[in-house]
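Shown here is one chain on its own, the form predicted alone, set out as structure tokens.
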Amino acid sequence: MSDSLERLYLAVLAARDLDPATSRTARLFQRGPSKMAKKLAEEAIEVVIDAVNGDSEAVIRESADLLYNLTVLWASAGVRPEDVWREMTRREDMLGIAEKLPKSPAKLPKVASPRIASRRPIVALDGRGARKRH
């Protein structure tokens, strides 16, 4: 999966300076980060609507659009896919695979070591702190 996103990111970089009349990517770069962010938000909403409607084929199609628009926004912001993977690894090292990190360090579970030899369980975080799911 990360390979595919890396290839997509490189394709976005390659298309950035093409003719906006023929390249959607170049057109997004020409219009700037606010247009990129709007397109990303639109795709996210479409994924949500299709998921709520139970249309898994549409969720797949719209998710691909969402990932494309995300990589365009990353490229515009100077964020590389490996930057995101590094952050995901940091979070996994801290909590195992987590749904989302809490905003407050006080809500983080206590861990003996940031690196552990075996895989840890998935950690689900909610407003009351951390709870483990098996």
Ligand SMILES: N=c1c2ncn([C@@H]3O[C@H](COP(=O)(O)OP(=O)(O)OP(=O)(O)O)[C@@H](O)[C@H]3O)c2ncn1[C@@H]1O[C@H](COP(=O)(O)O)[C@@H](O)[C@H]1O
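We number the residues from 1 along the sequence you see. Nothing here was measured: the structure is a model prediction, and the numbers come from that model.
Another form exists, predicted in complex with this ligand; not displayed. Remarks below refer to it.
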Exercise. For residue 5, is any heavy atom within 4.5 Å of this ligand in the predicted bound form, or not?
Worked result: no
Exercise. Counting only non-hydrogen atoms and a 4.5 angstroms cut-off, does residue 46 reach this ligand in the predicted bound form?
Worked result: yes
For this session: Would you check, heavy atoms only and a 4.5 Å threshold, whether residue 50 touches this ligand in the predicted bound form?
Result: no
Exercise. Does any heavy atom of residue 39 come within 4.5 Å of a heavy atom of this ligand in the predicted bound form?
Worked result: yes
Problem set entry | Sequence-ordered residues of 74-95 touching this ligand in the predicted bound form, heavy atom within 4.5 Å | none
